[in-house]
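Taking the form predicted alone, here's one chain by itself in structure tokens.
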Amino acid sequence: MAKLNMVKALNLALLQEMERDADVLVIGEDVGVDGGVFRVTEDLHRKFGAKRVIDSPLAEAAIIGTSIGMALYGLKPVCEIQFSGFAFQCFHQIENHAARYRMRSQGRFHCQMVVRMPYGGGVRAIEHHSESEEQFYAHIPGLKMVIPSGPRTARALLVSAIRDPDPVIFFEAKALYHAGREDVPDEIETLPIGRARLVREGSDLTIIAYGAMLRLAQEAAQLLHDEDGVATELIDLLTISPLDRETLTASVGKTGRAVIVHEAPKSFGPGAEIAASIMEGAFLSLEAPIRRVAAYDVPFVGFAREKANVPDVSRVVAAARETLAF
């Protein structure tokens, strides 16, 4: 078992799935000879050649449109959109076609494809390189929306996404690419899409987070334990859609309190759907209003002010203490 960062773990998933299944291929800007702007596809071009690791033009709509055609033909493309902020150039292909072919063809055709997109802040990038826009894809029926929180979950979920018969939007937090290493098994490992992960058990409060926000949620949970003696239950969502409502309501049914943390803007974000699910499934167990800790409802603020916009440990702890004191 090797200790890998997220970049290496994602590369391992692609390598092993391409070795296992000759129909799996990679397509995107600079994914071939250069190995990807973040090196996630490094060395795949040398091993599998230009027919299975395809350098595309700088044209997001062409990447997704071509991949939809390949998926309908029976191939299993893994597309890379270099930064999620540029995905609106291909949004019509995802929403109008990839998400709809199963229903449109009454089950005769389906789009087995993965769209990988680096997303989120924390790397002092410029506009269109730091946004967190998972809510747009989670809202579209016919798509699955997955966000891993570390190297091991990234590797296992990417394998599951590649094998899924329907289109999967796969967000990768840039802030996690080189943030740390984890043990990643040599043998292929999968995680079920649509299931959350219980990271820490507790009885006083539930914190729900995903992607890069999981790490600061873990720090907040530990601080609450050390300074206040609070036993926090921490849930790593892993999949935004379909949402694991069962795990959420079971946890809040036990703790009676919930704080949701995400990097997307607060209004109409994933936290609203999570809160509604808790209200529907665990309303009579709630002992305090559900709190959301999220980015503010403002356009890109620039990297110099990014830290003031994206949630941090102090904001999570403050929300937790308010919830506990209610």
Partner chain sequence: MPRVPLEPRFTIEYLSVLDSDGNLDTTLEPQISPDDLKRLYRAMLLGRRLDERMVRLQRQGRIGTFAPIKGQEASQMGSVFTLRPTDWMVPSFRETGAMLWRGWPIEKILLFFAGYLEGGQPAPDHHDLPITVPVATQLPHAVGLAYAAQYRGDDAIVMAYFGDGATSEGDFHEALNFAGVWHVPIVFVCQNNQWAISVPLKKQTHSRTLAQKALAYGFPGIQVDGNDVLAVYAASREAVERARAGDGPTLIECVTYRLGVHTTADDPTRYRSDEEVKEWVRKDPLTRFSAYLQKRNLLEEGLEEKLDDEIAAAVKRFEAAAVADPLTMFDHVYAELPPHLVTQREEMVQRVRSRVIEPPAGGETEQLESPPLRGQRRTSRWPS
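Note that the structure is a prediction, hence the values are computed from the model and not measured. Residue numbers count along the first chain shown, from 1.
Not pictured, yet referred to below: the form predicted together with the partner chain.
Spell it out for me: taking the partner chain in the model of the complex, does every residue among 56, 129 and 298 have a heavy atom no farther than 4.5 Å from it?
Yes, because 56, 129 and 298 each have a heavy atom that approaches the partner chain to within 4.5 Å in the model of the complex.
Candidate from 91, 136, 86, 101 lying within 4.5 Å of the partner chain in the model of the complex - any heavy atom:
Filtering the options by heavy-atom distance leaves 86.
The partner chain: the contacting residue among 153, 112, 241, 82 in the model of the complex [heavy atom, 4.5 Å]
Result of the distance check: 82.
Want to guess which of 29-37, 273-281, 254-262, 64-72 is within 4.5 Å of the partner chain in the model of the complex, heavy atoms only?
Comparing against the partner chain in the model of the complex, the contact stretch is 29-37.
How about residue 309 - does it come within 4.5 Å of the partner chain in the model of the complex, if we only consider non-hydrogen atoms?
Contact with the partner chain, yes.
Check residue 266 for me: does it contact the partner chain in the model of the complex (non-hydrogen atoms, 4.5 angstroms)?
Looking in the model of the complex, residue contacts with the partner chain include residue 266, since a heavy atom lies within 4.5 Å.
Given that the partner chain is not shown alongside this chain, does residue 305 nevertheless sit within 4.5 Å of it in the model of the complex, heavy atom to heavy atom?
Within the cut-off, so yes.
State yes or no: in the model of the complex, is some non-hydrogen atom of residue 124 no more than 4.5 angstroms from a non-hydrogen atom of the partner chain?
Flag for residue 124 set to yes.
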